[in-house]
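Encoded as structure tokens, the following chain is the form predicted alone, with no partner shown.
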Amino acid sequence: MTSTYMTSMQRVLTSLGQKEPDRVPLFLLLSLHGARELGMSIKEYFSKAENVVEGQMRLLTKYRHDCIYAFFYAPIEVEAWGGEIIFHENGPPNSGRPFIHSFNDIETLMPPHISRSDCLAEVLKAITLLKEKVGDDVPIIGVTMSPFSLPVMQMGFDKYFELMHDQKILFDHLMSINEDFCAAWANAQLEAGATAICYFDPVSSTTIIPRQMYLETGFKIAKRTLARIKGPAATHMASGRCLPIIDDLAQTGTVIVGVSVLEDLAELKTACKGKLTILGNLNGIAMRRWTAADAEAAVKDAILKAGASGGFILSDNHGEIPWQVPDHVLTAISDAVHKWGTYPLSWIKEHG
């Protein structure tokens, strides 16, 4: 039993230790909503580190959650490689035309230098400024795309699967290049002040490839890459299923797994017990139309299934809450966590 107030960092670390903190940690993984707080377009918002810093600090205060999300947008890594970025008014920026046009391009491909990339420099500046503001009280989450999943943006799904199945030498070469970039980018964020790295790896999900292929590809790549990252890492499947590979994920060196709403949270908690902390799994798509009552019911159900004994951080299931999710829903989620997530969870026993 605990009644002592904890900082967000203490709360998260206690849960990672498979123990119960003062309440269930809440990660609202909000990247786009900062633009709304500042009355800016999404493109303008991400153009300066100072905008993101102000946005994240406002969101932290407004929703009383437990992390700073230093993520700008997924294709920022493609932008660093010289790829095209397409901005939208009401959604995350997307990558444009793939910059790997043919398999032959892989032979001469070179990873970008982190220090020479203007877009990556803004992320690092934001992390440094955020660290100055929150110190060690609030976890700052950096983000990198896994070497195994990045090629979807580098060359497109169709060509990438052809490469994976039919061009082993070139596949291995691209993975080597991407691993170098991923490790360097993750470590630069940690050096700037990030507490941990979210390693997005949706292609490793059993929604996309079978477990046996994962063991031959994404699993080995994750083990090599995470070993080079000089800080804790959380592997996120970005809505993809992971229950069949939980034991494998635990061997990669990750400490957290971001799980899908497509799988039962109670089953995931049982599978992860003593091995991994669960991050998830509120439905970000359905969340756009929730009432306050819907939000409270979803939060309560998630805590019922996964909250006991720590090892659980409540979050969405994708790793980025959609722009269309309204403020009142986010407030309702936070209120519900503060109401139902305080340990000890005595109401669960009363629930039966």
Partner chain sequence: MDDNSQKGFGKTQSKTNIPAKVHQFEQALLSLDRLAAERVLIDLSDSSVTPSQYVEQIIVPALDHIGSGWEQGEIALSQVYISGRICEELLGKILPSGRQSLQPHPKMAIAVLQDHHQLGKRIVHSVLRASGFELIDYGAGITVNELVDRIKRDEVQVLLISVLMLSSALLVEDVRLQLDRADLDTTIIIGGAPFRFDENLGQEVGAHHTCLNATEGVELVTRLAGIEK
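Predicted model only: the values in this text are computed from it and were never measured. Residue numbers count along the first chain shown, from 1.
The form predicted in complex with its partner chain is left out here; the points below concern that form.
Ser260 belongs to the set of residues with a heavy atom inside 4.5 Å of its partner chain in the predicted complex. In the predicted complex, its partner chain lies farther than 4.5 Å from every heavy atom of Thr277. Contact annotation for Ser176: none of its heavy atoms lies within 4.5 Å of its partner chain in the predicted complex. Although the partner is absent from this view, Arg241 contacts its partner chain in the predicted complex, with a non-hydrogen atom inside 4.5 angstroms. Distance criterion of 4.5 Å from any heavy atom to its partner chain in the predicted complex singles out Asn90 from the list Ser115, Asn104, Thr270, Asn90. Though its partner chain is absent from this view, in the predicted complex it lies within 4.5 Å of a heavy atom of just one residue from Val134, Val255, Ile209, Leu190, which is Ile209. Taken together, the three residues Ser8, Thr61 and Ala308 all stay farther than 4.5 Å from its partner chain in the predicted complex, as judged by their closest heavy atom. Figure note: of the listed segments 105-113, 190-198, 154-162, 226-234, the one touching its partner chain in the predicted complex, with heavy atoms no more than 4.5 Å away, is 154-162. Residues from 317-349 that approach its partner chain in the predicted complex with a non-hydrogen atom closer than or equal to 4.5 Å are Asn317, Pro322, Gln324, in the order they occur in the chain.
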